[in-house]
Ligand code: KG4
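Okay, so here's just one chain, in C-alpha cells, the form predicted alone.
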C-alpha cells in the first residue's frame, strides 16, 4: 500500500496522559479512512491509587510504545516505508507521558525522512466528532465542548486554524468531579464510567444539587461547589461507609443529571452569543450516556445540530491526532532541521 499522489498515509501517536495510542490513517480522494487505532489503557494500574500517577504513566508508556507501533502498522496492513506523514501530541498533558510518544514520533520521522505534524491534544478532541465521516468538517463555524478528566472548555471554531476559547471551568473539570465523587463513595477510578453505570439504575430526582453559575452572562462554569454539595449530602447520610448501593445510584443519577444540564446550558449560551447552530461535543466524558441524550433531545428542540464522536473515539486516541495532522503544516527533519529538533513537549500548551 504505497502512498502516492494525493494519498497520504499518516502514522499518529498520542500519549498525553495514561493511555498510549498509535494509529494509521489514509487520506485520499474519498476522504479519511482509519486503518488502525491501537490503545494501551492503564486504568488497571492507576485504579488502585484513585487517579493517574504521572511517574507510573510514563514508565508504562515506555513498555507500550513499541508494541503499539508494531500492532498499528500490522493491523493497517502497511510497512513503515509506506508512511509519508507522522503526527504526534506535543501538549498539553503530563510532560513525562508526552515525551514518550513525541520522541518515538520524532525518531520515526527522522529515520524515515518524512515530516512531522505537532498536534495540540485538545485540537485532536475538537475535530474528533468528524473523524468517522472521513471528510473535512463542513460545519464552520461551530461550538466545540471538550469535556474530560482535565478539561471542561468551550471553543468557537471558525476554521482549522481559527479556534478561540470562549468558556471554561474556573476550578474542577467535570470529569474530575466524577472521579472525586466516585472515589469518595468508595467505587474507585475512573469515576466517569462508574458514575454513569450507577446512574442508570438510580433516580435523577432523588437529590437536589446546585447549578453553579447557571445565570452568569458568559459560558464559564464551576464544579467545585457542586462537588462540595455532593460530599456534604453523603456526609449528612452518615458518610460513605453508611451509603447503601441504592442511595449511591440515586446520588450518581442526580449528579449526572445536574452536570449534563449545566454543560448543555452553557454550550447553548455560547451558541446564542456567537450565533452558531452546530455543536461538537468530545472528550472522555462525552461518552456519558445522559450527557449525550440531553444534548440530542434539547439540541433538536432548539434547532441545534449536535455531533458526538463514537464512544470508542471519545477517550484519548491517536486517530484523532492523526486526523488533526492532515490539516497542519508539518516540519521536515532535513528541510526544516532546526525547527524539527526544537520540537518539544509543552505540558501547558493552550490553543
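Fair warning: this is a prediction, and the values are worked out from it, not measured in the lab. Positions refer to the first chain, counted from 1.
One more form of this protein exists, namely the form predicted together with this ligand; it is left out here, but the text below deals with it.
J.: Which of 179, 82, 269, 172 has a heavy atom within 4.5 Å of this ligand in the model of the complex?
T.: Contact with this ligand in the model of the complex is made by 179 alone.
J.: Quick one: of 34, 39, 294, 287, which gets a non-hydrogen atom within 4.5 angstroms of this ligand in the model of the complex?
T.: Comparing distances to this ligand in the model of the complex, the residue within 4.5 Å is 287.
J.: Since the chain is shown here on its own, which stretch among 298-306, 25-33, 312-320, 59-67 would lie within 4.5 Å of this ligand in the model of the complex, judged by heavy atoms?
T.: Contact-bearing stretch, as computed: 312-320.
J.: Indicate whether residue 278 is a 4.5 Å heavy atom neighbour of this ligand in the model of the complex.
T.: It does not: once this ligand is placed as it appears in the model of the complex, residue 278 has no heavy atom within 4.5 Å of it.
J.: Is there a non-hydrogen atom of residue 192 within 4.5 angstroms of a non-hydrogen atom of this ligand in the model of the complex?
T.: Looking in the model of the complex, residue contacts with this ligand include residue 192, since a heavy atom lies within 4.5 Å.
J.: Can you tell me if residue 196 lies within 4.5 angstroms of this ligand in the model of the complex, counting non-hydrogen atoms only?
T.: Heavy-atom contact with this ligand at 4.5 Å: present for residue 196.
J.: Verify the contact flag for residue 325: yes if a non-hydrogen atom of it lies within 4.5 Å of a non-hydrogen atom of this ligand in the model of the complex, no if not.
T.: No.
J.: At a 4.5 angstroms cut-off on non-hydrogen atoms, which residues of 103-129 are near this ligand in the model of the complex? List them in order.
T.: Read in sequence order, the residues that approach this ligand (within 4.5 Å, in the model of the complex) are 121, 125.
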